[in-house]
Structures are given as structure tokens and as C-alpha cells.
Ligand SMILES: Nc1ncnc2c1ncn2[C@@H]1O[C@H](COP(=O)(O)OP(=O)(O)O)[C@@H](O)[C@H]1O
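As C-alpha cells, one chain now follows by itself in the form predicted on its own.
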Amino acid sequence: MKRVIFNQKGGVGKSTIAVNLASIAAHQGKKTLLIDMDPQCNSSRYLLGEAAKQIAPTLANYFEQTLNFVIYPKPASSYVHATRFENLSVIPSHPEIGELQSKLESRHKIYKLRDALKELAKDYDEIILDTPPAYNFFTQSALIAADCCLIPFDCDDFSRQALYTLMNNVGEIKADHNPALTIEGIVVNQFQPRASLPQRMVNELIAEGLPVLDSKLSSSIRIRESHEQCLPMIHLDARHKLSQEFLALYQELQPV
């Protein structure tokens, strides 16, 4: 399973959801790989802590290699690093990856990530891709390479308007590049069940026929502690309400 976490709006919890789903999969015994495609490197720091600043090679090095003719290119597995969590590995990002975008676009390297994932999928049960908050070369590459797309959503009007554009963009990738791509659903993040606006907005999205998932993720200070300590929730506090919500989300995403 190759899953991309995607929303072109920032601040909706892409990295948090990507890392916590990957951690749950690994905790359940699945060999799991997280690929951080965001120049902000949040997923990399979440899993690796301060070591993320010095670690090499990174995804930027992989894309640099694709820009140069190499007789014997390094296999995609060369860019994978183990984490301290059993069954969980990462291909970290690097801030310089953003500087490569125009070169990669002009050289038509949009399918290189798909080639890498075909190779890596032989060794992993699950691959999760964390994308930058933009519809650009890197998110398009991820959508072309993935089997499915999970869309984080926070309940405000700006997110709602961006959601319609996002759905159209995913549909375009599906039509033009990846007919097997599916939308797993929309996961509501930082949900406040006692507030009227989130409830109303979720109900309206469901009424419009959008694939809103049953599992919702609460707002909690505990997730900030999780970020600070570089410990996914399943390792920080497995009994916490938010940990259980991540677990419920992971279970809902499993094929019947």
C-alpha cells in the first residue's frame, strides 16, 4: 500500500497524521516506510529529532541523482534510514529539495518517484508519503506514485474552499497519469465535537457526497508534546484519547 497524505493548504496536520499512521502500522508489525517530501522537513524531525539536520543521503540527493546521467545509479533503498522505532524507516527530506523543483520540472522527471516506489514496495508493507502544502512537482509526483490519497481537513471556510480545488487536482492526476489512484477519504483534524461550526461543516460536506471518514482527530495539547519529544502518540501515550483516534483512523483505512 502506497498512501499519500495531501492537502495544498498548510496547517491541516499532514505531517502529524503521516507520522502517526506510519508509527501505528509499524507498531502492529508491518514493515513501514515514511517518505518526507516537504522542504520544511517536519516529518523527518518528528521521527529523527535533531539527527534529521545532519542525516544523509536524503530525498534531495535522490532527485539530484535523477538530474545527472549515472551509469550505475544508487538504488532507492540507499536513501532509506532506520528510525529508533521497530519496523519504521524514513527517507528524510532536506530544505534544498525546493531548489530542485524547476530543474526537475524542465527535465520531465515527474515519474522518477513512481519508479523508486515500485522498487521499494518489494520491501515494505506500507509506504506513506508526506507532501508539501502546495500542488507542485513533488505533490504531483507523489499522487502519480501512490495507490491512494488521504486528505486532512480542518473545519474552517478557507479549508473548505481549498478542498474543492484539491479534489479537482486529484481527479486530474487520476485521469491523466494514474488511473488506479483512489481517494481514501477526508479526515477531519482538530475536531471540536461540542462546537456548532465543525459539526455543521462536516454535515454539509457529507450532504454534498464528499467522502468524509467516520474517524475524527481531536485537538489536544498532547500532540504538541509529541512533536517536542519526537515521539509519535502510540509511543508517547498509547492510552490517550488522541492515540486511540489515530488507531481508529488507521483501522478504518484498512481494506475490508
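One-based numbering along the sequence shown. Predicted model, so just to flag it, every value in this text is computed and none were measured.
Not pictured, yet referred to below: the form predicted in complex with this ligand.
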Checklist outcome for this item: Answer key: of Gln199, Ser219, Ser215, Thr66, within 4.5 Å of this ligand in the predicted complex (heavy atoms) is Ser219
Checklist outcome for this item: With a 4.5 Å heavy atom cut-off to this ligand in the predicted complex, the contacting stretch among 29 to 37, 57 to 65, 188 to 196, 207 to 215 is 188 to 196
Checklist entry - With the cut-off set at 4.5 Å between non-hydrogen atoms, does Val12 touch this ligand in the predicted complex? => result yes
Checklist entry - Applying a 4.5 Å heavy atom distance criterion, does Ile223 contact this ligand in the predicted complex? => result yes
Checklist entry - Is the gap between Ser23 and this ligand in the predicted complex 4.5 Å or less for some heavy atom pair? => result no
Item to check | Ile234, heavy atom within 4.5 angstroms of this ligand in the predicted complex | outcome: no
Checklist entry - So which bits of 20 to 45 sit within 4.5 Å of this ligand in the predicted complex, heavy atoms only? => result Asn42
